[in-house]
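Below, in structure tokens: the form predicted on its own, a single chain.
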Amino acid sequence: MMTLLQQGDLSTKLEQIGESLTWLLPEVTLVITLILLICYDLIFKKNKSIGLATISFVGLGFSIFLSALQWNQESQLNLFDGLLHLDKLAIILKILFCTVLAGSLIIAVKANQDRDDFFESSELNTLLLGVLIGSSFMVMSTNLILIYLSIEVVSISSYALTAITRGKKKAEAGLKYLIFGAAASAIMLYGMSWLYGFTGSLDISSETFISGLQSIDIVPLSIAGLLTLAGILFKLGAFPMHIWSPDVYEAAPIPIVNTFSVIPKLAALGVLIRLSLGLNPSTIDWPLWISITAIASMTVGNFSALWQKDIKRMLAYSSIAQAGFLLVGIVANSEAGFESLLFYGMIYGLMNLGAFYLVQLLENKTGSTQFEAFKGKGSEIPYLGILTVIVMISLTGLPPTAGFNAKLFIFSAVYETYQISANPIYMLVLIIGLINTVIALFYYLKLPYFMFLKSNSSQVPLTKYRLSELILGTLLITPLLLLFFRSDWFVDLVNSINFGL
């Protein structure tokens, strides 16, 4: 009888695993794509670029298609006995991740210097898929161990991506990234062990975990929460775990930097949303911690960006400041806050894709990302200069661009929370956020200033851009203007997500 029962339990388990796997077809597609890239690289010795590019783009496109098919599911799904949680929050982020990575590969196609690294061998593409797969599991995970493993997959792939390309500066940046990441990972794992010891559960969405936290004294619970937060802030690139960003952004090729600036950052925010849903503000002052982090990230990132002479380092510090603005949605700790965060995240992905594409084109022509190299170049490439002005205005958060809507929504959410709670920390976040938006204007417009208002000391004219490059640039920048007037296209998407508040 026991044998029959055990066999019945086993068959039930296998059936549940099979059902769960069907909902992971987008991730299975990415794994198959990764394997195909490696096999293609091993089989063919020459002229591999077209095949590798085709496999990469088809795999990403098919994964987006499969994720989109899951959008109309009626309920939230617990997969593998609650290890993974598939809902609209996870689906929309996974689609965004695949779109950003596809954009990064498009930038790689246009990269003169680094194109061979991406499409003459499979190493970089497979590592980029590793970042994507790890990030996809991050936003679905509700189990502390699986969250940690997903973050490690992203981290290890990122370390390799930084250091794998040739150059001493890249090796140094990769080593710094690895050392700092290992420390952050160890701290986070230690904090997670405390949380498990307090609650007896690894599932952050379970009643056992939530009720267990409510019975713990504030001091040990705060220590555990801060330790756990360290690893998440590392992937977010937010203060005080931001030290690695400038060197990595400067050393890595632009397509890789575009990936780093969006995918791990938004995946970390997905984890923070799930943690925020499980934490009771009356038990632990979660909004206060996030508020301090947001304020510090915005301020440190913006003031550091003011003094940069290299565009990539400027965008690195900009990403630290943008992490602070994104955290404002977590600070609000409301459905409106999470919705505005997701809207901001989608717009941020579009803005960064457009910005790094234009920087790649400029680097192709000048061979440099120093501001000095672009003096007076706006008169030689006026159309490209205009596109640059639009994307920089959007990153600042000014009309008539979608960046303005993103900042408006996220600041409105935190102000709404302030009106309900009357907690002065929310008003402080709002005021400092607005001040930092003004500060950001000075460095975001630095590139257009050099292009149009500085005289050109070089007598070597720039070569003309191909029509296809200008058309693609237009297609990437136009949504930033269009979504200013029709932001409801994205707003309706995020409004359909049930955050369970």
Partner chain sequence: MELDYILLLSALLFVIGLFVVITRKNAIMVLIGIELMLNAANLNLIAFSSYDGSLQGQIFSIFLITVAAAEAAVGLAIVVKVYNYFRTADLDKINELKG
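The shown structure was predicted, so the numbers you read here are calculated from the model rather than taken from an experiment. Residue numbers count along the first chain shown, from 1.
Absent from the display: the form predicted in complex with the partner chain. The rest refers to it.
- This chain is displayed alone, yet in the predicted bound form one of Leu272, Ile290, Ala111, Leu144 has a heavy atom within 4.5 Å of the partner chain; that residue is Leu144.
- Contact annotation: of the candidates Val100, Leu86, Ile393, Leu202, the single residue with a non-hydrogen atom within 4.5 angstroms of the partner chain in the predicted bound form is Leu202.
- The putative spot formed by Ile156, Ala173 and Gly197 is fully lined by the partner chain in the predicted bound form; each residue has a non-hydrogen atom within 4.5 angstroms of it.
- Of the stretches 178 to 186, 290 to 298, 101 to 109, 349 to 357, only 178 to 186 has residues with a heavy atom within 4.5 Å of the partner chain in the predicted bound form.
- At the 4.5 Å threshold, heavy atoms of Thr165 reach the partner chain in the predicted bound form.
- Contact check for Gln308: a non-hydrogen atom falls within 4.5 Å of the partner chain in the predicted bound form.
- The closest heavy atom approach of Leu229 to the partner chain in the predicted bound form falls outside 4.5 Å.
- Remark: Met192 counts among the residues lining the partner chain in the predicted bound form, judged by a heavy atom distance of 4.5 Å or less.
- Contacts between stretch 240 to 261 and the partner chain, counted in the predicted bound form as any heavy atom lying within 4.5 Å, involve Asp247, Glu250, listed in sequence order.
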